[in-house]
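For reference, the chain that follows is the form predicted alone, supplied as structure tokens.
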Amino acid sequence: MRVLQIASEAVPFAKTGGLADVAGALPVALQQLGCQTTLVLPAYRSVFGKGLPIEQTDLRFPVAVGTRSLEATVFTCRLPGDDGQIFLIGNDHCFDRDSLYGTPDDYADNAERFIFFSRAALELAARQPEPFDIIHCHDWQTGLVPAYQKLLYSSWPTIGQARTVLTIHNMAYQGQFWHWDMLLTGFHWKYFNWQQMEFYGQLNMLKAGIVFADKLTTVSPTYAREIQMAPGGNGLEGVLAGRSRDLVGIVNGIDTNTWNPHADAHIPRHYSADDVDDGKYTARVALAARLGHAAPDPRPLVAFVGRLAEQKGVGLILDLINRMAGSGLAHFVILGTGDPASEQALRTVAASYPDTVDVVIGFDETLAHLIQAAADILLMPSQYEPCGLAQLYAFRYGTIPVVRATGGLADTVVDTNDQTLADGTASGFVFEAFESAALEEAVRRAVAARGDQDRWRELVRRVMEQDWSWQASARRYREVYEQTLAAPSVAVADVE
């Protein structure tokens, strides 16, 4: 099976979020399962400063974007341990910029940039010597690819007979642009209608992908259900519900080489489930020194590592710390950056409880790994969470997550109680309501459970032995590809 992956970012080339982790790891895992995989990315300015073995090819071709013709320059790269083909599509006008999408505001011409990239990726695929079976695109930046493949490239021998798969990583980002950007796409205006590409008078690239793709996936089974209802669908819940038979949730895998307490270069002592207590204590000593303490606090260590945003439940965490910091039950450490008001509020609470609360504003890869290794409990009280990776990292390091039952958190963390402890399925502490009292109750349950060393040690051993590798997720994607190839292609409705 030949698979073409098209994404706007992928590790190690460019990253702003979890999409890059998926697009970087999935092709490698698919290759190991026997799928011949080609990955196509934009050649952003930043990718050339990473020391990667990128080479320019002789391949150049024009790409129509509205009435303009933009030239695509093709680069290639081979990464150690990856037999798949990687192409990067360059154009200085589109990609020679300081950031991927614009910061703090999006670039005004993002529609033009990713219309160019989507068409260029298919033009490149059409020039390959062998046909592709599956074209797998990701998020709104490549949402027009399934429409292009069906409407403009259906007669091209290398891609015309392929099946398309769209993965939705986060419904909050849909690629909505003013209606005149429809002129840039090259599509007939008849497709700018409420059933296909139009959304409240705007061009919606993600909606186009949902409508035209043969198969839809998202990053957890629970999130697949949530986005078919308000508010999870962010206005597209009806469109998604109409495609419910073609929508599959697959939990992301994690890089088990990078997040591996057996070999992690960021932590002072490697450990496994057999010597987790010693490994965690050594990490606690190193973390205390990093944070300016003479010795580690003997109380349970409760941590949060991530973006300081309301979606991640930072408001609940602030309430939790204010309510629990004076109790003497736990020590809290927070690492993250985001909303300025939340950053200042966390600094204030840390100053009020210097022996109980540590806050580090910013992001530090070594510190993130060290906190995962040192902590007993990880907080993930998200308002919504399509998949979530931090709880899977926590499992690897024997850190027990406290999560809200939403999205991928509900699919990966099983609440700890007498029944789940007895049947061996317990893996964390789960609460339902997006309320600080519900979070506090779950944290207090976790802290109390930490006091029973034998039961806690058994819980830690079980979570460390779980398999959340990309190999497991890739097998599920391959099954989806096989099902998609066995079914008829989605018919294009002719809406006048």
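Residue numbers here begin at 1 and follow the sequence given. On a predicted model such as this, the values are computed, not experimentally measured, just so you know.
One more form of this protein exists, namely the form predicted in complex with adenosine-5'-diphosphate (ADP); it is left out here, but the text below deals with it.
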So, a 4.5 angstroms cut-off on heavy atom distances: do all three of V305, T337 and Y393 pass it with respect to adenosine-5'-diphosphate (ADP) in the model of the complex? yes
Do F87 and adenosine-5'-diphosphate (ADP) come within 4.5 Å of each other in the model of the complex, heavy atoms counted? no
Since only the chain is shown here, I'm wondering whether E226 would be in contact with adenosine-5'-diphosphate (ADP) in the model of the complex (any heavy atom pair within 4.5 Å). no
Does any heavy atom of F192 come within 4.5 Å of a heavy atom of adenosine-5'-diphosphate (ADP) in the model of the complex? no
Can any non-hydrogen atom of D423 be found within 4.5 angstroms of adenosine-5'-diphosphate (ADP) in the model of the complex? no
Sole residue of W156, F363, Y281, Y101 within 4.5 Å of adenosine-5'-diphosphate (ADP) in the model of the complex, by heavy atom: F363
Answer with one of V276, L316, V349, L389: the residue that has a non-hydrogen atom within 4.5 Å of adenosine-5'-diphosphate (ADP) in the model of the complex. L389
Quick check for you: of 93-101, 307-315, 143-151, 234-242, which stretch puts a non-hydrogen atom within 4.5 Å of adenosine-5'-diphosphate (ADP) in the model of the complex? 307-315
